[in-house]
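Here are two versions of the same chain, shown separately as structure tokens and labelled structure 1 and structure 2.
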Structure 1
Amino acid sequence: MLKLITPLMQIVDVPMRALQRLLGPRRLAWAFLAPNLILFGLFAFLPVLVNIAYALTGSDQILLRDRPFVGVRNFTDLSQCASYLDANSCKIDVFWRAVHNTAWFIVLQVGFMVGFSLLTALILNRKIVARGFFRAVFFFPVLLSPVVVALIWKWILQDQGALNAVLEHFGYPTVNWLLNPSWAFGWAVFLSCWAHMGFYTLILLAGLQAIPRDVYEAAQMDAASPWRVFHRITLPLLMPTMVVVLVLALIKGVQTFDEVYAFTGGGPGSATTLVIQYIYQTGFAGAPRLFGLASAASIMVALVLVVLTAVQLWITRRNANG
């Protein structure tokens, strides 16, 4: 095998040496980075610029040359409210209902998911029977497609679904789970937690396993209570991992779309319409297709994500320096 590889490497070495002589050692690195930079610019940076251009133009025409320049009017329309706490007082009330739903969704989903993920990680970190099996079970929903997860739970919770069949079998009244706004929103939060909790459990479990065991042995020798061990040792040492999990969960919560859209379609009414679904419906599914308004909303969401990322970096650096 070595006799075959050596001639091939010598063949490759000839153009590499010529390229190095032509560009020099320092510029040679840019030659290797150029393909990735070109792809990144073409499929990441360029779409951002196009999105900004659409946000600054109006009408329902798809070609930029056919779209009149309107400046920041789309941003002004989205932010025009008498009270941001009352969606009905806003010029585009559907957008602010989606913002309110997303805010509540993030608070509930992130709170429950991070809390249960931490509890699950603490349990799975202990020496329990069939620990490897339970770790795989908790991570299994992460491997499923979000649409598949949504359709499974929709089948369970629909009017003639499995849950109502069980209730009817035991003599309890059935419930229109997906037609009641409060129930539909609650089940959407549960669905998202169930689908993604395993991912954050895995991260927290890795953080727990990185804590030195001799710290716990010292606490055991001092006869520290389990709560004191958790409060004084586990939680402070796990905090950098908790910060990463919290920010990742926040970003994922803001970006939630596919599972909730496949689960409820944003209904009943707009009870489960999230901000990403509003962008999709405004720019692609609605009539007329208001690309400028959808682009402006997406830029506002992107700014929120940038702020969350900046907060994560600031907290992480402060913990590292402190």
Structure 2
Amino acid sequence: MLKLITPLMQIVDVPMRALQRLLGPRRLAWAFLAPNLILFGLFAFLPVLVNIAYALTGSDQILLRDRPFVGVRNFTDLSQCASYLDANSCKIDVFWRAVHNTAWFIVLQVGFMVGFSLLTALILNRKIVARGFFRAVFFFPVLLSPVVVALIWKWILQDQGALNAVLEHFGYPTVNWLLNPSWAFGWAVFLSCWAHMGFYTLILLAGLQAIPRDVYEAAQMDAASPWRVFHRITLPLLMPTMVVVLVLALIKGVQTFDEVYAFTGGGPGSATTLVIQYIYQTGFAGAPRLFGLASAASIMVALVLVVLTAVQLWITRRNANG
């Protein structure tokens, strides 16, 4: 490997040396930055502008010059609702059903996941035999691909699957889990928690271990009850980490697509269709390809994410500055 890299690097050295003589060592920094910035420009910043351009134009044409300008009509179409709480009253009901699903998904998923991550981190922070092993056990699903996670649980939950067999063995009625809208949604939340909680557990555990020991020793001197120690010491000192975890989980929650799509395909009906899946279906999977609507919807999602990310950056910066 290294034998291959060394001559390559030596070849690159020739033009870089010439460039250095031309620019001087200080301005050479731009040469080092260039590849990265070109990629950022083409595939991160330019897309934002193109996104706006497509959101403001209509029809199913792919080339921008063939698309008629429609102003904010894509946005007004998307947000035209008699009542925002009732998806059926909206002009584009699939979008609002997806928004409602995503809202519920985030509330349940973030709530349960951060709750269980905290519990797991607290338990792993105790004096536990084989802590490394247990930590790895909770962490390893993080590495599995979303599709694999979805298939693992689909195999268990299918009609003739392991869960129904166990239920039947103990005399309970079996359920067709993935054909029942509420159950399918519940399981989607569950498998998303299952797959990602190890990541948040790890961050929370690091936060717990950063709490100085002597604070606890002082509490022990004062014979404080365990609940009081948790309530008055652990929780307040863990708060900064907790907030980071919550915001991160929210950012990831808004963007959930892979595992739920591979798990249920958005069904039954549209019971588990989330916002990103709506964008995917509107812009890519269906015919006609409504790029304008998909762009408008993704700009709406982007605004939510920008607010959340700004909050995250502000918090981490505040934490870092003490």
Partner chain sequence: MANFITRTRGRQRLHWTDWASYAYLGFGVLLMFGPVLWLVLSSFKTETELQHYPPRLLPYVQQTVTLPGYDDPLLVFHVTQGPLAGQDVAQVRRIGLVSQMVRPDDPTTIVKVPIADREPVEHVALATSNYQKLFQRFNFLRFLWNSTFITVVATAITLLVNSMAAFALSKYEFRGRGTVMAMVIGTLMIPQTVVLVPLFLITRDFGLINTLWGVIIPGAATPTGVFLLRQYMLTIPDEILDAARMDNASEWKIYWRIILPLSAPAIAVLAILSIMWRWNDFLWPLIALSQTENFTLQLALNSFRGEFTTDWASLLAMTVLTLVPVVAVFAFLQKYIATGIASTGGK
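Whichever C-alpha set is largest while still superposing within 1.5 Å between the two forms counts as the rigid core. The shown structure was predicted, so the numbers you read here are calculated from the model rather than taken from an experiment. Numbering for residues begins at 1 and runs along the sequence of structure 1.
In this comparison the chain labelled structure 1 is the form predicted alone, and the other chain is not. The two forms, fitted on the rigid core, differ between structures 1 and 2 by 2 Å or more at the CA of Ala31. Remark: with the core as the superposition reference, the CA shift of Leu22 between structures 1 and 2 reaches 2 Å or more. With the core held fixed, Leu313 shows a CA shift of 2 Å or greater between structures 1 and 2.
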